[in-house]
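What follows is a single chain, given as C-alpha cells, in the form predicted alone.
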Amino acid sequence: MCRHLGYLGPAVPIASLVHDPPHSLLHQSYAPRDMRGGGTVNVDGYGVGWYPAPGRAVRYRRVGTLWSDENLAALSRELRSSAILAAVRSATVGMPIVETACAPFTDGEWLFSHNGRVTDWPGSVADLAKTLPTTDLLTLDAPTDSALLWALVRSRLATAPPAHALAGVVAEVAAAAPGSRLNLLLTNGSVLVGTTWTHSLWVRRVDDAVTVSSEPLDDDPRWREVPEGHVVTADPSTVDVQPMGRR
C-alpha cells in the first residue's frame, strides 16, 4: 500500500508536511504504522504537488526512495504553498516501477493520488475502461490501476462534484473488482476529498488549516480517523464525512 496526504490552509513549506513531522510522509515511507493489505515499506517512487498560483497545479515525482532525494529535501524548505498533495509509492506486484506511475496525477487544477490496488488487474476493469474516450486510454500516464482510476475520476469531474466523482468511481470499481483497495485523494487547491475503502485515512483541522493523511503526522489528539467506507470533504473551515454505502 502507498501513503498520501493533502493540506489546505495558510502557505507553509512543503517540508512541514513531507519531511519534518515526527511521523512525516518521509518517515511513513520506511516505517509506516498501518500497512494493512500487504507491503512493509513505500520505496517505489514518490511525488509532491502544489499550487504556485490558484488553479494551477504543478508536480515533482521520481522513482526510488524519498529519503535519498537531497535536492527535494532542500527545495521543500523553500517552496511554500497553501495547497499540497504528496504521496509515496509501494508498487503492486506486476505494476511498472516508473516515474509516470507515481502520484500525484494531474490535469489542470487537479491533483490525484491512489493508495491501494485493483484486484485481478486489468481484466476486472476492462469494461469500465471501455467507457472512456480512446484518447484518454492512449494517454494514460502509465499502464497501472492508479492511472486508470485517475482517468475514470477525471471523466466524472466534468459533470459531478468531487465527492460524487470519487464515490462513484469507488462504487463502480468495487463492483467490478471485489476486494479492491480504493483509497483515493483529490484536490483542486480549494477542497480536499478522500475515500476510505479498506484502508485508513485521518483528518485534522486546526484553526484555518486542514490536513488529510493516511496516517497521523504526529501525536496531536485532534487527529480524527475517517470511518471505513466513507468519503471526506474538507477545506480549512469545514470537514464533512459521509458514508459511501455498503460493499
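None of these values were measured; they are calculated from a predicted model. Counting begins at 1, following the sequence as shown.
Same protein, other form: the form predicted together with a small molecule, not shown, and the subject of what follows.
The contact residue chosen from 177, 140, 91, 72 relative to the small molecule in the predicted bound form is 91, the criterion being a non-hydrogen atom within 4.5 angstroms. In the predicted bound form, the small molecule sits within 4.5 Å of a heavy atom of residue 146.
Interface membership of residue 101, defined by any non-hydrogen atom within 4.5 Å of the small molecule in the predicted bound form, is confirmed. For residue 162, no non-hydrogen atom is located within 4.5 Å of the small molecule in the predicted bound form, even though that partner is not displayed. In the predicted bound form, residue 95 approaches the small molecule with a heavy atom inside 4.5 Å. With the small molecule omitted here, the record of contacts in the predicted bound form names 109 to 117 of 166 to 174, 109 to 117, 150 to 158, 131 to 139, defined by a heavy atom within 4.5 Å.
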